[in-house]
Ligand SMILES: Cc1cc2nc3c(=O)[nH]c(=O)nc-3n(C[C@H](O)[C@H](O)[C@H](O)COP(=O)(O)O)c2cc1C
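One chain follows as structure tokens, the form predicted alone.
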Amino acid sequence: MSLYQVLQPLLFRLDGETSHDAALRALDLAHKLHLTRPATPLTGRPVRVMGIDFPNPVGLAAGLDKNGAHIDALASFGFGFLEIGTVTPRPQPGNPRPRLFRLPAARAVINRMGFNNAGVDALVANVGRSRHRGVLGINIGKNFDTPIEQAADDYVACLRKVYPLASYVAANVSSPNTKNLRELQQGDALDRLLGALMNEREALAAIHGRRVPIAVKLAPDLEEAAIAAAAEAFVRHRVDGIIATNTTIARDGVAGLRHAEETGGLSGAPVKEKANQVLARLHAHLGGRIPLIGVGGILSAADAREKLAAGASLVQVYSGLVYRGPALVEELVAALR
């Protein structure tokens, strides 16, 4: 029995957010005491995506380490890459607590965190203190009180700060927990945001002498027409990668369960089918022109293989770790060799 299996019943007695914070503190302590494995990627199938060499195709999804405060300890799980954030230009507390709920019977999580984070300067400082030298993605967003018409300014401000430190940058336009944010996934709003990000990236590439890839994270709730239009925009603006998907506002698979009616984004096993459908549709529209990162509902090796079959080149996990712990990473890396 693993240490996480021993601790999980104790953690599940706490509310979701308290449990999350306690688990990270315990992981940090174990890492400092050298009780974790070395903070290097597990040996897996190397893959080159977005011009980056990933030692294995299994990554940590954004949201678990919003401020980049636990990078070294999380790297001990053996991920091929880590994605930290979502970070905003200014610190913000997020939505009122409680805002994170487990639904164990469905192996699911509902959150309405609201981009709670210490701000981009704090994240940059944390990354600077980290010893991690592996692939690091940094996920960026807008402050809750920035008008949607000015959202691009926030994304550009974050991009400038994180650019020297990131292996790639992911723009989160799909969280359901920041008012109107999902409007950025479509139409003129998406075009304006992508244009601003890509123009700024070219300027930063000239300054820093390296071209950092930019990916965009989409929701699983998009209709076919919106998926097709977004795919066209991504090709037109030469986006480097697409992360499919974020959490869902649907409640398929959890009806009647405790916390099922809580407001927020649903993740875990119930989102898998919706996420896979969006992933497959994007793959069909893009025809391999832009690589895809599959996330949503991965709790086993079979789940990860489904992502690859739907068109993903890489996979990411978060909610699966809540229910499976670090053993999930080892299982996935071994299965995807």
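All values derive from a computational prediction rather than experimental measurement. Just count from 1 along the sequence shown to find any residue number.
Unshown form predicted together with this ligand; subsequent notes refer to it.
*Asks:* State the residue from G68, G63, P57, P291 whose non-hydrogen atoms include one within 4.5 Å of this ligand in the predicted bound form.
*Replies:* The residue from G68, G63, P57, P291 that makes the contact is G63.
*Asks:* Heavy atom within 4.5 Å of this ligand in the predicted bound form: which of F234, Y168, F77, F115 fits that? Just give me the one.
*Replies:* Among F234, Y168, F77, F115, a heavy atom within 4.5 Å of this ligand in the predicted bound form occurs only for F115.
*Asks:* Using heavy atoms and a 4.5 Å limit, would one call N172 a contact residue for this ligand in the predicted bound form?
*Replies:* Judged by the heavy-atom cut-off of 4.5 Å, N172 is in contact with this ligand in the predicted bound form.
*Asks:* Does this ligand come within 4.5 Å of any heavy atom of L314 in the predicted bound form?
*Replies:* Result no; L314 lies far from this ligand in the predicted bound form.
*Asks:* I'd like to check something about G44: if you look in the predicted bound form, is any of its heavy atoms closer than or equal to 4.5 Å to a heavy atom of this ligand?
*Replies:* Heavy-atom contact with this ligand at 4.5 Å: absent for G44.
*Asks:* Closest heavy atom of G241 to this ligand in the predicted bound form, within 4.5 Å or not?
*Replies:* Flag for G241 set to no.
*Asks:* Counting only heavy atoms and a 4.5 Å cutoff, which of 182 to 190, 121 to 129, 106 to 114, 256 to 264 contacts this ligand in the predicted bound form?
*Replies:* Every other range fails; the passing one is 106 to 114.
*Asks:* Give, in sequence order, every residue of 70 to 97 that has a heavy atom within 4.5 Å of this ligand in the predicted bound form, or say none if there are no such residues.
*Replies:* Sequence-ordered list: G85, T86.
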